[in-house]
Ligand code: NAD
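Quick heads-up: it's one chain on its own, the form predicted alone, in structure tokens.
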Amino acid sequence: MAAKIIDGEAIAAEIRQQLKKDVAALEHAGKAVKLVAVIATENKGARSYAARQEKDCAEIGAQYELAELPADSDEAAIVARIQQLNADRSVSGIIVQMPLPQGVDARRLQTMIAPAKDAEGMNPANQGMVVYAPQPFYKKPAEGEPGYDNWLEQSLGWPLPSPAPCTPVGAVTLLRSLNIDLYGKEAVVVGHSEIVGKPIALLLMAHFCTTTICHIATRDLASHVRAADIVVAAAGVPGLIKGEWIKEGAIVIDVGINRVEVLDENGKPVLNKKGKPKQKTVGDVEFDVAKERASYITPVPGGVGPMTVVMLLKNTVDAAKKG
């Protein structure tokens, strides 16, 4: 039986509707919600992403501002602008657009954003709070013990950390949407980046999954994936996870977003009207084969991607609530 598709677009839309209500309530209470993006580049991709952020904020009724700096700005100038925004009580969330001018340290800029206004959840203080993600119980109650009857509701209902890295929280939110008891599940995370793989692993452990992280030094990736009840692919390598590796009935969360050429039946690139190779977006998992083995799977696009975007908004709204 083919896997059920986890619709990230639909789940993100539900969260947006709640955020819209939250923004209206905050404004009624005299609190504005405002996201500011610091940008020091003319990169088309960065500009497009900023335009998307502005549109997303408008959809939930939040304010948006693009704090523009020259493309040749030095680090001190960008830090100074961030510090101004930190001190501005009208600003709920701050994001620094990539790419940055040559010589500017992105990690240092993340540490400069006030943790309470960190819309991406990348400040080390917020990364660290993922380690302290709350848990409903230390141990799952046995049948008949207090708490057993509402274990599932409790374990999937406690709030995830916020602000926190957007993609990991979005991915785990999709997993929780399945309303499946995660206690004791064997989970494998492929990819150990500080912005995706590591935080996801920590959040899975907070749900009492037995979690393994695989990376470039893993000797036998296939054997780890084959044993997993939950596979989270976050390596950024198209087709890295072979569909045949997926255990029957496993849950697959594909975080990868990769652009690859479209090939014809002879393996040659398909050209567009301009004579250039057509491209498509794919994940890290061989989707067509994996979906015949998994119980649930996220598509690419339309899975984790929309959740990453909406979690940026949620971090900003949550910051306004606490401000």
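Note that the structure is a prediction, hence the values are computed from the model and not measured. For every residue, the number given is its place in the sequence shown, counted from 1.
Another form exists, predicted together with the ligand; not displayed. Remarks below refer to it.
Using heavy atoms only and a 4.5 Å cut-off, determine which of Ala71, Leu240, Leu178, Ala116 is in contact with the ligand in the predicted bound form.
Going through each option in turn, the one that passes is Leu240.
The ligand isn't shown here, but in the predicted bound form which of Pro136, Pro141, Pro101, Gly236 has a heavy atom within 4.5 Å of it?
The residue in contact is Gly236.
Heavy atom to heavy atom, is Val196 within 4.5 Å of the ligand in the predicted bound form?
Output for Val196 is yes: heavy atoms within 4.5 Å of the ligand.
Is Ala12 part of the interface with the ligand in the predicted bound form - any heavy atom within 4.5 Å?
Ala12: no contact with the ligand in the predicted bound form.
Find out whether any non-hydrogen atom of Val255 is located within 4.5 angstroms of the ligand in the predicted bound form, and reply yes or no.
So Val255 counts as contacting the ligand.
Interface membership of Leu221, the ligand in the predicted bound form, 4.5 Å heavy atom rule
Looking in the predicted bound form, residue contacts with the ligand include Leu221, since a heavy atom lies within 4.5 Å.
Looking in the predicted bound form, is the ligand within 4.5 angstroms of a heavy atom from every one of Thr167, His192 and Val304?
Yes, all three are in contact.
So which stretch, 93 to 101, 80 to 88, 149 to 157, 213 to 221, is the one near the ligand in the predicted bound form (non-hydrogen atoms, 4.5 Å)?
Only one stretch passes the 4.5 Å heavy-atom test: 213 to 221.
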